[in-house]
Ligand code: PRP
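Next up is one chain by itself, shown in structure tokens, the form predicted alone.
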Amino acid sequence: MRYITFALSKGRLTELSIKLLEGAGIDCTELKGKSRKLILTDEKNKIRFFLAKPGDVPVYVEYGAADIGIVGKDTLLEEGRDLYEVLDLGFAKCKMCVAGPKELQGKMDSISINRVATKYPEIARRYFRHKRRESVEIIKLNGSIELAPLVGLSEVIVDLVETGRTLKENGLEILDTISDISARMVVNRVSMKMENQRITNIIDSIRKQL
């Protein structure tokens, strides 16, 4: 029997992912240890795990280096990979929003936006091109996106918003919501055919816990 391989997102999704896997009867002892090994195993169930940067998880799954991945919907929208999205895991909830200075509230349709700062250029590009039919310059930033409208780098930003506190403290408001975001489980298309029974059993065990 071959191993089924999981790619798990490093960071805030790791612990919650482990809890779900353990609830499905998968042994995550190696995963919870402080090992420096890159690939960890549950020999009894023939399951392997590795931790990857969130942006890399859909890549590993699409190319079949992992059969199953757990990653945020924001990453899936940005990466646009060819995968089966099988479960909304319901944790790490937030929203992908357009935000900007208070004075733009309710005026999005009457002003012209030239520049948008974001960590998510693809999501921003699709939103402005398809939903608003506007051609804007997208500026990719890696750090505090909220800074961009404050220093005149862009009129608005596209970013994840959890509580909205950082926006408020900097005089910014949500101007539009692009999408609801949460952790998702994704499966490689070929793996779903080849290992249908085993993968379906894992999905069902996890679904029961949601």
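The numbering used is simple: start at 1 and walk along the sequence shown. Worth saying up front: this structure is predicted, and the values here are computed from it rather than measured.
As for the form predicted together with the named molecule, it is not shown, yet the points below apply to it.
Candidate site formed by 78, 81 and 85: none of these residues places a non-hydrogen atom within 4.5 angstroms of the named molecule in the model of the complex.
Residue contact with the named molecule in the model of the complex: residue 30 places no heavy atom within 4.5 Å of it. In the model of the complex, residue 159 approaches the named molecule with a heavy atom inside 4.5 Å.
The named molecule in the model of the complex comes within 4.5 Å of a heavy atom belonging to residue 119. Under a 4.5 angstroms non-hydrogen atom cutoff, the named molecule in the model of the complex has residue 146 among its neighbouring residues. The single contact residue among 46, 37, 165, 53, judged by any heavy atom lying within 4.5 Å of the named molecule in the model of the complex, is 165. Residues with any non-hydrogen atom within 4.5 angstroms of the named molecule in the model of the complex fall in just one of 22 to 30, 57 to 65, 178 to 186, 165 to 173: 165 to 173.
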